[in-house]
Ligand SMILES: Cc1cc2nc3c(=O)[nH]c(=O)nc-3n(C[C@H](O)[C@H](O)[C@H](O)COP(=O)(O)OP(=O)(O)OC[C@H]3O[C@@H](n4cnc5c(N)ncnc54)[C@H](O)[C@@H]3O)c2cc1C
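Only one chain comes next, encoded as structure tokens, the form predicted on its own.
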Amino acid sequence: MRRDGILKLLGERFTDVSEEYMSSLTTWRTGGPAVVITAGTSDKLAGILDLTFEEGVPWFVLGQGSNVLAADSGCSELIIRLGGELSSHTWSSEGALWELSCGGGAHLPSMSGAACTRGAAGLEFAVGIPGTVGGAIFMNAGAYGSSVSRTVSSVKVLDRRGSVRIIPGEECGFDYRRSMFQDERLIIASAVMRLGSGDPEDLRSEARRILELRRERFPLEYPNAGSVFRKPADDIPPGRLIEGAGLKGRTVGGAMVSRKHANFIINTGSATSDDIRKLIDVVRKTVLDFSGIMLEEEIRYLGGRK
């Protein structure tokens, strides 16, 4: 179904459907038009999913727009965003343990900061990760020796028909930058996390240290999507392989392999999604020729190759 057809179909039932440019919704700041709708409750999300299933409309859940490359020509997928109660979070405590109930659209860095302020330990690593809870669980986001999988108690998901399931954390198939949600068509509506206790000042100090490390190591002054490639099975950091292949500073159009961290591709100001895609292909081929290792992308493609 064409975008105008999706817009008409959803517009007949929902009032907040619009066409927006993905360049305003993704951290690479590239991408063409897409039909976008926001679900603020599980009931509305279920209604959207039921309608798209009946009409055969493909969809994609978009959080903060990191780890996403949207085609310049636009997206055939309906872009679903989570707001309202699906982007909020609440706290409770029992003894030395904290329980955090959070929507899939909750802003991960803000939640990490709130945890530190309360003295809830376990999310300090996430203070600088630009994403949502749903995206973090989907990718099993992690940094500095920790990952979101260590905190997840349960996940509430909706399937393609809008039916609800509760999945215990130990059944989420977590592995390095992976979860079962990458292989199944499920939307992470909310989650429950369990955190320990710590001294708020110590936790805030650790968060500040991590933020400073990120500023020093990563090209945060340019639009980027975070790490482009996963760590290979032999555990060699992708950035080291890319740098070893002499690719720091390599450009295609307005896209560049960062001189600060080679596993980042930055938009120097005029990059298109096609520039970035072509540069990714250059990096993969050059690293394969140099090392014999085929790098695998962490990013998700919209409106183009999968």
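From 1 onward, residues are counted along the sequence shown. Here the structure is a predicted model, which is why all the values come from computation and not from measurement.
Same protein, other form: the form predicted together with the named molecule, not shown, and the subject of what follows.
**Request:** From the candidate stretches 255-263, 64-72, 239-247, 35-43, select the single one in contact with the named molecule in the predicted complex, where contact means a heavy atom within 4.5 Å.
**Result:** Checking each option against the 4.5 Å cut-off leaves 64-72.
**Request:** Name the single residue among 207, 192, 167, 186 that comes within 4.5 Å of the named molecule in the predicted complex, judging by heavy atoms.
**Result:** Residue within 4.5 Å of the partner: 186.
**Asked** Among 130, 162, 122, 113, which has at least one heavy atom within 4.5 Å of the named molecule in the predicted complex?
**Response** By the 4.5 Å heavy-atom cutoff, the listed residue in contact is 130.
**Request:** Considering only heavy atoms, tell me if residue 300 and the named molecule come within 4.5 Å of each other in the predicted complex.
**Result:** Although the named molecule is absent here, residue 300 would touch it in the predicted complex, with heavy atoms inside 4.5 Å.
**Asked** Quick one: is residue 231 in contact with the named molecule in the predicted complex, heavy atoms, 4.5 Å cut-off?
**Response** Looking in the predicted complex, residue contacts with the named molecule do not include residue 231, since no heavy atom lies within 4.5 Å.
**Item:** Partner proximity in the predicted complex: residue 224 to the named molecule, non-hydrogen atom cutoff 4.5 Å
**Value:** Yes.
**Message:** Since only the chain is shown here, I'm wondering whether residue 136 would be in contact with the named molecule in the predicted complex (any heavy atom pair within 4.5 Å).
**Reply:** So residue 136 counts as contacting the named molecule.
**Asked** Within 4.5 Å of the named molecule in the predicted complex, do we find a heavy atom from each of 27, 141 and 177?
**Response** Yes: each residue has a heavy atom within 4.5 Å of the partner.
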